[in-house]
Structure formats: C-alpha cells, structure tokens
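Read the single chain below, which is given as structure tokens and is the form predicted alone.
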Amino acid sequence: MRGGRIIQGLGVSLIAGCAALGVVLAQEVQKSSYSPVVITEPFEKTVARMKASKAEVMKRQMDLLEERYDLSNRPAPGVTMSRGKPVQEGVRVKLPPGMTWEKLASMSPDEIKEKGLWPKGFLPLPHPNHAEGGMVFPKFVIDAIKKQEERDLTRFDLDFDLPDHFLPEFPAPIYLTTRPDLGDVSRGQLVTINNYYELFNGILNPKQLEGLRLLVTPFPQQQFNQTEDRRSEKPSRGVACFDCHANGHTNAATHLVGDIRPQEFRHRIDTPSLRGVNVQRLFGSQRALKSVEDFTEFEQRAAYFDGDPVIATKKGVNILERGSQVHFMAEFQALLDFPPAPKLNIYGKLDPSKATPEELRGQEIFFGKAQCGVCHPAPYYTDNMMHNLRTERFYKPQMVNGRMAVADGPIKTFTLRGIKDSPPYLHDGRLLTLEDTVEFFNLVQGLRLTEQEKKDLVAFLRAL
C-alpha cells in the first residue's frame, strides 16, 4: 500500500509537472517571433470556428469606428478625384464631450494627456482583427478580381472595415512619365493578368511589359496560399502586387507591418500609392529599403509572409531574380506618374493666374505658419526622410481592440502630390479626410491655426 501511495504521489507530481511545463511552453509560444509551422487543428474546424466569431469581430471594429468618426457620406461640393469620385469633406474625428478644436489647441500636450482628451480618432488605428492581422481587401476589389480572374480574395474570418466613400477611386487612372500625351492609359479598366498585354503592348518596351506582367501575377501569400494555414476557403494562387497597388496606385487594402513583435505592437499599414515612386528614396514599413528594386525584391519574402521566412518557405514564397525580374518590375513602377495638377507651375507651386485666392492663401500657410514645407518641399512635396511626431506626448499607452496604442516612432514623409486621390491618410489610415489631417498636425505641431487658415490649407492640398 505504501508503495502504491508513493507511485500515486509520483503520478500526481508528474501530472502537475507536465501541466506546469505546458503553461511554460504556452507562454514561450506566445513570446515567440515565429508563426507555427505545423497546424494541428483541422482546416474545416478552423473555418467553422472563425466564421462563427466573424460577426462579433466585425461588430467590435465597427463600433470602434463609429465611436471615433463621423462615417456619413458627405462629399465636398465640386471636388473630385482624377476620374470623378467625390472627395469627402469635413473633420470626421469626434471630439470628447464638451470640447472644441480651438479649446484643445490651446492646451499643452501634458494637459491633454493627463485629462485624457486626445481624440480617439487620432490614436493608432487597429487592424479589423488585430490579433489575427493579414491582408484584407475592400469588397469592390474582391468583386472586380473575382469577375476578371475567377480568383477569390474573400477571407472567411473578417472583412475590410472602412466605408467605400472614404477610399480611393477604383479602378484608378494610370499616368506614365514616358507618355503624358496619352493621359489615362488604363482606359478605365482594372489592369490584371487578363488585359495588361492588350492595354500596354506598343506603349511599353519588352522589358517594362514583362515587369508589368510580374506585377499582375498572383503568388502565394500568408493568408492566400495552398496550405491549410490560409484564410480563404479554397486553396489560393495568392495575391499580386497590383491587388493592393491597383493600377499602380492604391485601393486602401490594409495589412500589418512585418517588422515588429509582439503582435499587439504591430502597426496597421495603409497601402501607399506607387505614383511618383521614381522620386522616392525610402521604402518598406520601416523605410529600411533604399530603392524600389530593394522593395520589389523583398516584398514577397517579407511583407507577404509577415516578416517570417520560415513560414514563407512552407507556403511557397516566390523568389524573384534581381537582374531580370526585379529590375523589370522596378522599371515599370518608375514610370508611374502623379495625376495632372494643372494649377501648378514647373516648380510645383501654384500659378497665380490659375489658382483661387483661397488656394494661394493656403500655399502661403503651407510654406509659412504651418511649416508643412519643412518636410514636404516642392515640387514633389516630400523630403524623402523619416520624422518622429512623438504623438505619445498626448496620450497614455492603452490597449484598443488588440492594438497597443503607444509611440508610432519615425514615419516616412509621403509625397503630397495628388493627395486628394489617396485617402485615408497617415501611415495607418487613421485620418479619413484632409480636414482631419490638418487638425491632427495643428495639434501635433502646436500651430494654433485659425478656422479660415485650416480651410485655405485644405484648398491648397486639393490643388496639388
């Protein structure tokens, strides 16, 4: 009996020890930089589980957006993007009760932080499901690609969150630096593997044409691949560069940066436009890549697979050859021009004979009191540098829908040419309109702009 009790005690100790070890292992898994390679849950069970929680996930995100923003469809009279989509007007970020923008601008960062008055719409914007992450496409993008290619970018676990009227026009026009006389060479079509040759044969040289073919060719990606570790119901050929950078521009598809861990500290990223990429010198989510060739080569190895080369190998990463494929793709991207800005002269500033008084006043504020021109000099309105706005001066660290809202860190100075065609704004898309953007920088820089100065500044930005 005594021996039995000893064995029983050892068994209990062993079970307890295994349980403790399991807890430790679970904690270690949570801290790991790597995604799991071996998926133990059957795919059908994963689909059923995530579908069942999808409504709750999206409600939580949409409740957040409603709390932060006025999401109504309110276009600015007479202001459109290059192909005619209305531009949304007005400040959409909601203020705390009893607060005005003027009162807020009169307060110090410390006072705003201490009283918790930083507008929630100015906090970092979480991914639709931040704990899960991954590429997410607006429904109009999914529908267009499915119609043309019968390739489905629908995710069974979540949907895109921002309303369509705050997004860029689709499909966007394409302007080429080599053939400005042609205007929009897309002819109003979404460029895909099905029509790129018909649209561009005779306009591009063979090298550029091959580069474009690769840009519209789908390759495996973290959420869209052939393995059981995907977020599309059917095995997927993957995604193409131009699925996000539609027509060499952007459709506001979202993702998480691949270069930050753990998950809650990863930034949501709004797809930047490729227009004018030939004048830009910093690329990648942390701008560590110094040429469009570098960006093109490493995008599929890094961003496509959340910065995890181990999982990339499993899912079928496409390794591009630098001397031919990468170079060809980069050469085509370098042809993508900004949209026409008929009011600008050869120095990138307003022609007084074409601009309105409001626009001219806005230009003076841009290069003067507002100091926008320090980081956004003409003619391309970027200094090709990184700047840290230190927005953490204004709020305390907080968890929001799985996203830890802390310092943004250094962010790239994006070009402002054609800016009205590229909503939403800032690196994570937290600013829905140009008016939101002006209010944000008015507070961050402590500018104390008047209401009229803000309106004039927006008018100038729309003319770029």
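Predicted model, so just to flag it, every value in this text is computed and none were measured. One rule holds for the numbers: they count along the sequence shown, beginning at 1.
Although it is not shown, the form predicted in complex with heme C (HEC) is what the next lines describe.
- Of the candidate stretches 98 to 106, 250 to 258, 71 to 79, 157 to 165, only 250 to 258 contains residues with a heavy atom within 4.5 Å of heme C (HEC) in the model of the complex.
- Checked against heme C (HEC) in the model of the complex, the candidates Q371, N205, T178, N194 yield a single residue with a heavy atom inside 4.5 Å, and that residue is Q371.
- Among L335, A312, C244, L212, the residue placing a heavy atom within 4.5 Å of heme C (HEC) in the model of the complex is C244.
- Although the partner is absent here, L432 sits far enough away that none of its heavy atoms falls within 4.5 Å of heme C (HEC) in the model of the complex.
- The shortest heavy atom separation between I145 and heme C (HEC) in the model of the complex exceeds 4.5 Å.
- The closest non-hydrogen atom of K120 lies beyond 4.5 Å of heme C (HEC) in the model of the complex.
- Contact check for F283: a heavy atom falls within 4.5 Å of heme C (HEC) in the model of the complex.
- Taking the partner from elsewhere, no residue among L190, Y347 and Q363 has a non-hydrogen atom within 4.5 angstroms of heme C (HEC) in the model of the complex.
- Of all the residues from 297 to 327, those having a non-hydrogen atom no more than 4.5 Å from heme C (HEC) in the model of the complex are E299, Q300, Y304, F305.
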